[in-house]
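Take a look at this single chain, the form predicted on its own, given in structure tokens.
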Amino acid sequence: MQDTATDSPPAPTFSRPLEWFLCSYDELLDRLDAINATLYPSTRNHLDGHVTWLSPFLTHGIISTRQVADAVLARHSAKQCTKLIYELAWREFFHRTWQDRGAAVLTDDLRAEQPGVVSSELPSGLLNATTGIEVIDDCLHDLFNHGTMHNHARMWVASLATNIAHTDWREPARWLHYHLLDGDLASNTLSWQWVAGAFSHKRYLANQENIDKYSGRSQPGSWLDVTYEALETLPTPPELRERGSLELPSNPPGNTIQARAGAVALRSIWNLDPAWRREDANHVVFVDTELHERWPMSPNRWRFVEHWVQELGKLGRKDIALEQGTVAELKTALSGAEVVRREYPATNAWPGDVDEREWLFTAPDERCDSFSRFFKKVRQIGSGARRR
């Protein structure tokens, strides 16, 4: 569940307020330069650790994995950057898997059937942040209020949902995607599968000792305060037995898609890169209403998107338009235009010529169903980041 903070003091609630992400592009570049790659490896699993909090910007294509790698390699040695680049490679692995496997990554168990499923509905304890595990409940409140959650906390939440409450991973994945500012379709979905044992050889489990260690808190005697051996067969606790209906209200912004002729640079909400097609006129950010009905996003998330569309305008794209509709309506509206867009699996049915995304690693020439195999292959090929 890739969320990979700067040197600024961590928020006491293990999160970042939404306003932290509604910054200017120059402020974002300053945050890239402030990444502490030397402290990252030893603290990244701690809720108050030196992680980057940059993943919403990566998810929405405002910056790229290569930009992050270049920024840290400009100030640190390659050895100091090893762990951070390793985590960036996880993001690329998930997206290369999406390119290769298509929509199946969002709907199917990719490696094995998830074991022990008893329900597709989320426990009310997670929906209401009443699991009884204090750190997790605090992290859930932060998620609902701010749209952010530390990666380790995501793994704990996913483990409770899938491996303790035995919930099918699909609806929980939609739920977390909805709330997260960085709800990346590939990284989020495949991480849920990884935790649940559907995209890994083993389920992920965490007990109270693990949560206490990495949160700096202590809650002895909780229902999760058991050994790992006992955790394997732990009955679902009362706090997670009741199920709740999933309500994900969403109101995508944008006017109705308008007909255009001439050259059109067609953007998705996952390509808000200020540098892309900088000299082109007539930029359109299109919201696919059918896709976002299946994968809705919270008001916090849409506020983030609208802010960065406005930032594109401030950075020279004065003519940029935010519009919405179905893919069929998009094709009709742009049937007389010369369209170019940037590659992204969720936009494969869109019209236009396709620019390649900016990657850190060159894609391997064969399918890699595990990260270890993928990373071995791409390291042999080499990365596009500058080396020191």
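Since the model is a prediction, treat every value here as computed from it, not as a measurement. Each residue number is its position in the shown sequence, starting from 1.
We do not show the form predicted in complex with a small molecule, though everything after this point is about it.
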Can you tell me whether V105 touches the small molecule? I mean in the predicted complex, with a 4.5 angstroms heavy atom cut-off. no
I'd like to check something about W308: if you look in the predicted complex, is any of its heavy atoms closer than or equal to 4.5 Å to a heavy atom of the small molecule? no
Although the partner isn't part of this model, could you tell me whether L127 comes within 4.5 Å of the small molecule in the predicted complex, counting any heavy atom of the residue? no
Is L240 close enough to touch the small molecule in the predicted complex, meaning at least one heavy atom pair within 4.5 Å? no
Between C139, I133, V285, L88, only one gets a heavy atom within 4.5 angstroms of the small molecule in the predicted complex; which residue is that? L88
Go through L180, L224, L266, A165 and name the one with a heavy atom inside 4.5 Å of the small molecule in the predicted complex. L180
Exactly one listed stretch (213-221, 144-152, 72-80, 273-281) reaches within 4.5 angstroms of the small molecule in the predicted complex by non-hydrogen atoms, and it is 144-152
